[in-house]
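As a starting point, one isolated chain is supplied in structure tokens, in the form predicted on its own.
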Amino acid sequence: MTAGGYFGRYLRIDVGTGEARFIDIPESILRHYIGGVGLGAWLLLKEAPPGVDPLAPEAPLIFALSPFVGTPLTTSAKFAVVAKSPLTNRINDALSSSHFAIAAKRAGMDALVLVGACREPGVLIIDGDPPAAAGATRSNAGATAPVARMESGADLWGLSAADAQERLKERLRSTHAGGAPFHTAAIGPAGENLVRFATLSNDGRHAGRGGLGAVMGSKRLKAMAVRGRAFVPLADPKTVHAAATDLSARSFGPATEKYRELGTVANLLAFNRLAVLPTRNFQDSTFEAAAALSAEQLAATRQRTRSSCAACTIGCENVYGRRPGAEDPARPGEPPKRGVRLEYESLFALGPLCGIGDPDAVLEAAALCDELGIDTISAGGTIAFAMECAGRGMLDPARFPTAPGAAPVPIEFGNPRSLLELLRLIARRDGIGDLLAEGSRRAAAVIGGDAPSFAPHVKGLEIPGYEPRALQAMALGFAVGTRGADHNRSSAYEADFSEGGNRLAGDADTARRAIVTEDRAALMDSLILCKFLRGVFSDLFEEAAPLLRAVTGWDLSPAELHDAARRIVTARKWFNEREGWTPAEDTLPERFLREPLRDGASAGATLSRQRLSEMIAAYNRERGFSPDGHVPGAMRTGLGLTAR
């Protein structure tokens, strides 16, 4: 019998043929990898042919749920999207929150794996409502399988993800009257055009990093809709509900106050004060117009509403109104249909990183990224890189003509027109946008000269809003991160800002601290719980064990969860090694290893190649990897990580 919290199976669908079948997941795998990014990594190792092109039909696109989805635990309505990234050619996983996660779980699955490609733009409908599924084939788990079918998506192609979802829901309301509501996910124009950092969107939230929208676009799959009525089994419902009440109460405490009041945009002024705010493509670490972009100023000058993700009590989401007279980015001449959801990473990437201090321009750019389906971090990083290249005389936009008669786009720091026009060109792959749609690493290789030394990426993934020279645990996290420059899967900035840490002088102890935060992130991203809850746990492993025990019925110990976290980190590492990873990839761009910071409270901060190498060696040693970072064969065998 399957443990509580799980259905013990995943649904595998070939969107080209329409073939759908359930495949059992052994309970030992669920116990070892839990769910979310952990289960997704195991499925990627199982389903992806070694060396597969991320945009090939046989490349899997995986939606992995967790044992907590569908329970009353706060922030649990999340799912992980996992694939081989077209931007990095390494593992990529992104988390998103919405009712889509709950609907997929209630369709009776622990994960969804999509392979194949539609001949024409298509839509996938997964109907797990029991009346609609009556008479369908039964799975080997003995339960009625949801009906999965393909429909035409031609009428949705070219729309924004939000508009495509609205139109699809209208269609389903007319053809599937009654029953549970459908919840949807879709890509925007950037995903259709295979922009390597295109997003996948659901109800205004995004699985943003690494080009998952391009993977979906390569399958010519515009959108998905899912519904179900199955109840998630709980081993001990009374204990689960008591724990949910307690966790909700703690989520209103001081650990989440910052996120509740102003959201993550509140980080901007603090980072500017500490001189860790990347500015003008990481040439500076403070921004003279930071105050105009601050959360405090935006709250005082903009209409603002707060919102929450599905099943969340924190309510960190801040939605800002647009300036009077603003146009909808997808409908020139029309007023905006939606407010702008703004997070710190979008604010940093579209503002200081590009030298833009006009809050209206930054809000317009964030809205445009949402409409087009573009990752704001990679978009801002790639555009800021192009701005520096143009300023150095290395990039002439006239070399990349757009439509006949169109004037070349100016490419320069601080110019809002540059930012907005380049975003549109990227989504269309038009003119210079075709080059920038490849990301900063590939663009730098084409531009040549010294460009690769200041292209702001690790393993092809653009660097988020943390200055590595002044946050050296974060620098290590970027360098060894399996999906590239990533703050969410390592959370190493916690070590930089913790008591006893020295953010300006990394050492072996820095590596140990970074591993602690990486293990904790692996567990939270597999359970899945929102990272904003991390401060409410005094010891995540000690407190998560009884939570998971109440849901599943397993006799779990904190030590077993520690082992699971380490196994998940190693699984992701092994996938990369299987796909051609080399130790040379675990590094930072030359700029960070030879140029000291020149401004603010962190002026003079340096990160030498030797110091970074020593931290990486200490990290590998603590992880049990070889000195240069390979996963030993005995470790792979012991963890059950084998090639396909």
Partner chain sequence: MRSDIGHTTRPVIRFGGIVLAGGRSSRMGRPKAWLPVGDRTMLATVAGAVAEGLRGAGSRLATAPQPAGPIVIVGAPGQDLPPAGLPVLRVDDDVEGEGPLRGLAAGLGALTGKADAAYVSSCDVPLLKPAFVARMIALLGDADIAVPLVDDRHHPLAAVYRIGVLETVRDLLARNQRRPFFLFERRPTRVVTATDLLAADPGLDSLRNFNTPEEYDRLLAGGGASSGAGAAAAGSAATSVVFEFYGVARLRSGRERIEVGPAATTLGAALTALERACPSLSGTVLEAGRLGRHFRLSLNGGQFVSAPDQPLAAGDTLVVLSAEVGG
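Positions refer to the first chain, counted from 1. Every value quoted in this text rests on a predicted model; they were computed, and no experiment measured them.
The form predicted together with its partner chain exists for this protein as well; it is not shown, and the discussion that follows is about that form.
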Segment assignment from 190-198, 158-166, 404-412, 222-230: heavy atom within 4.5 Å of its partner chain in the predicted bound form: 404-412
Using a 4.5 Å heavy atom cut-off, which residue among Leu420, Ala326, Ala390, Ala235 comes into contact with its partner chain in the predicted bound form? Ala390
Could you tell me which one of Ala289, Leu556, Ala117, Ala310 places a heavy atom within 4.5 Å of its partner chain in the predicted bound form? Ala289
Even though the partner isn't displayed, in the predicted bound form is Gly448 close enough to its partner chain, meaning a heavy atom within 4.5 Å? no
Gly204, heavy atom within 4.5 angstroms of its partner chain in the predicted bound form: no
With the partner left out of view, is Arg429 within 4.5 angstroms of its partner chain in the predicted bound form by any non-hydrogen atom? no
4.5 angstroms heavy atom contact with its partner chain in the predicted bound form for Pro546: no
All three of Thr264, Gln297 and Tyr493 touching its partner chain in the predicted bound form at 4.5 Å, heavy atom to heavy atom? yes
If you apply a 4.5 angstroms heavy atom cut-off, which residues in 243-266 are near its partner chain in the predicted bound form? Pro254, Ala255, Glu257, Lys258, Tyr259, Glu261, Leu262, Thr264
Since the Cα-Cα distance for Pro456 and Thr402 shifts by 3 angstroms or more in the predicted bound form, is it a contraction (closer) or an expansion (farther)? closer
Shown form as baseline, in the predicted bound form, CA Ala398-Asn415 shift of 3 Å or more puts them farther
